[in-house]
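Only one chain is given next, in structure tokens, and it is the form predicted on its own.
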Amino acid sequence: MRIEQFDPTADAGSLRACHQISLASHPYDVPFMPPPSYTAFKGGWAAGWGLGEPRETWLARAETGEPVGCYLLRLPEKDNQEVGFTELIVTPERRRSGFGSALLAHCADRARLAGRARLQGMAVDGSAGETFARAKGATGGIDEVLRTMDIDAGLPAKLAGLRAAAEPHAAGYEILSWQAPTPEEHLAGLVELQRVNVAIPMDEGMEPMAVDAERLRSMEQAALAMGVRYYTVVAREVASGQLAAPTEVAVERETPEWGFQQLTSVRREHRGHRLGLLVKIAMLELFAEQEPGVKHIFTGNAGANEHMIAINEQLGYKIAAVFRFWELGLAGS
């Protein structure tokens, strides 16, 4: 087997080979999600969704030249500087043949050379990925629960009832919304929200993603360039003008029936006013107007995030799968 590094911004052939490996693996690894479009795959592997962090992409070929596996290695510089994050894939028909072990060893070496002490990758509970991670001695983190919601004819009535019960608790707040890019007048407030809302459960030793105005703009521009429509809804306290609770959902051009929930949180000093529920209700109503083709929304929460899980269950989200990050120590190995 040959493992060769390639530039995903210049080598479309290798990038498409990696995408085909991802598509072939999809029914085995994440069948509950829509197959990754090439545009979305490129957004992650080539553009890095605008995060501006170093990354490496490697493609493995059998002696015949056939692509058999690949991996992406992310090397954050603004947060989690001891960690390398990998997405490692082997074609289903080539699994249990040593290719995954060789790719993982190669990836670990590259992360170690980059000065990383830990290597992390995600696997769904009960999947071949979990079995592989355990066999390699990786340690599993906290459970992350993936949920989906179907948008059906009964949803508007359900939302109206939930809003009527919640609004009396939210006197003094107003709801704002926009489609990316974020209006300049709200940029600083949204960045501040993402900085202070870091109380979500995380694996031990992990840091939240560092966000500033430049990085937020870069992420928005990368998404727009990939044909992603990105919506934000926030609750704002009228008296102070302070943004108190955001929710964000993205729709990809090539999977228009799916919305992908991003951040939802409530600033600590504004909790107890049902703002998390109200911004999610407002987002669903916005989608009914702006994205009538969306039929399902996908979200994820740490299993310990009881408050947000309760909100999602009120809205009708159902568990699709559970995953976690698996970690290998690299120091001294």
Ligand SMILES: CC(C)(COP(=O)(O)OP(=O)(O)OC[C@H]1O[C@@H](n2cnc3c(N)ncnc32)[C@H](O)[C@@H]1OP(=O)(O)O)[C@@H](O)C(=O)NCCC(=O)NCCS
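From 1 onward, residues are counted along the sequence shown. What you see is a predicted model; the values in this text were computed from it and never measured.
Heads up, the form predicted in complex with the named molecule isn't pictured, but that's what we're talking about next.
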Which of 169-177, 98-106, 72-80, 151-159 lies within 4.5 Å of the named molecule in the predicted complex, heavy atoms considered? The stretch 98-106
Taking 246, 249 and 281 as the candidate spot, are all three within 4.5 angstroms of the named molecule in the predicted complex by heavy atoms?
-> no
The named molecule: the contacting residue among 209, 191, 122, 228 in the predicted complex [heavy atom, 4.5 Å] | 122
29, 285, 53, 56: which sits within 4.5 Å of the named molecule in the predicted complex by any heavy atom?
-> 29
Non-hydrogen atom contact residue 128 with the named molecule in the predicted complex at 4.5 angstroms | yes
State yes or no: in the predicted complex, is some non-hydrogen atom of residue 260 no more than 4.5 angstroms from a non-hydrogen atom of the named molecule?
-> no
Look up in the predicted complex whether residue 136 has a non-hydrogen atom within 4.5 angstroms of the named molecule, and give yes or no.
-> yes
Quick one: does residue 85 come within 4.5 Å of the named molecule in the predicted complex, counting heavy atoms only?
-> no
Residues in 75-91 with any heavy atom within 4.5 Å of the named molecule in the predicted complex = 88, 89, 90
